[in-house]
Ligand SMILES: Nc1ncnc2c1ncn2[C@@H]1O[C@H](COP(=O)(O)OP(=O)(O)OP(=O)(O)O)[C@@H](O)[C@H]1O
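Given as C-alpha cells, the chain that follows is alone and in the form predicted on its own.
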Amino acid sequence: MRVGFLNINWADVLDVFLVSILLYQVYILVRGSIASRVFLGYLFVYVFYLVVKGLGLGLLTAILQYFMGVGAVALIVIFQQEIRRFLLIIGKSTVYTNNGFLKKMMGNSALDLKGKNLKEIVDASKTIAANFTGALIVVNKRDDLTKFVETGELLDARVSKPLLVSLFNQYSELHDGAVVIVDGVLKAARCVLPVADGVDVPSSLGFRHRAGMGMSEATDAIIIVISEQTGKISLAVEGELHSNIPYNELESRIEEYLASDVQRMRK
C-alpha cells in the first residue's frame, strides 16, 4: 500500500503498533515521577534525530547519533527501578509462573495451610494491633524469599503467637524491619523489604506500608502491615494495599489468597 511517498505494508503497521504498546507501557511505569520528564525529553530528541537523519543532514545526524548512544547508557542508570519493575511484571505473567501443572510439579506451599500456623499469625497480629506496637509480617506463597531473609537476623524458629508478639515489642532489638515466614517456619526478623515509590502510592502512607506494598510488588507473598499509630491491620497483596481489615476477616482473607492457586489448579 502506498500513502503519499511512503510504501507501507502489514509488517510496518505491526511494527508501529508494537512500538506504540511498548512506549505506552513504559510511560505507565514512569508517569508521575521525575523519570517521566527524562523519558519524554529523550523521546523528543530521538524523534528529532530520525527527522534529521531522514533529511540527510550528515553532521547533525552524527552528533545526535553519538548523543543517543551515550544517552542509552544514562537511561539504564536513571530508569533502573522502572526497568526492574517492568521485568518483574513480565516475570509474573510468564507461562511458567501461571502454569498450574508446573506449579503442582514444583510444589506449592499453600497446599498445607495448617503447616503455616496461620492461626498463630492471626492471633499475634490482633494482639500487636491492640498494643499499637506496629509490625510487618511476610508470609510466603510460592516465590523464593531467600534474598530477603538474608537481610535480617536468621532465627529458623517455630511460629508462635508469643514469639511474634515479643519480636515486635518496642523494647526488642529485632522489632524494626519485617519478620519473614516461609512454609510455616519463622526464618528471620528485622528483614529489609523493597519500598514502593510509584505514582500510585498515596503520599500519606508511612514507610512500613510502603515496604509492605513494595514486597508485594516484588513477590507473590502476602504481607500483614500493622500501623503503630492507629493499630489498624492492612494486607499488601500483588502490589495493592487493602487497609483496615476487620479482625474477623483477617484469617479468611489470608487463607483465601494463599489457597487461590490451588483453586485454579482444580478448575
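Computed from a predicted structure; not experimentally measured. Sequential numbering from 1, following the sequence displayed.
Form predicted in complex with the ligand: not shown, discussed below.
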{"query": "Location of the ligand contact in the predicted complex, chosen stretch of 156-164, 141-149, 188-196, 122-130 [non-hydrogen atom, 4.5 Å]", "finding": "188-196"}
{"query": "Single option in 218, 235, 64, 211 placed near the ligand in the predicted complex, where near means a heavy atom within 4.5 Å", "finding": "211"}
{"query": "Proximity of residue 183 to the ligand in the predicted complex, heavy atoms at 4.5 Å", "finding": "no"}
{"query": "Contact flag, residue 137 vs the ligand in the predicted complex, heavy atom cut 4.5 Å", "finding": "no"}
{"query": "Exercise: residue 226 in contact with the ligand in the predicted complex, heavy atom 4.5 Å", "finding": "yes"}
{"query": "The ligand contact in the predicted complex: residue 206, any heavy atom under 4.5 Å", "finding": "yes"}
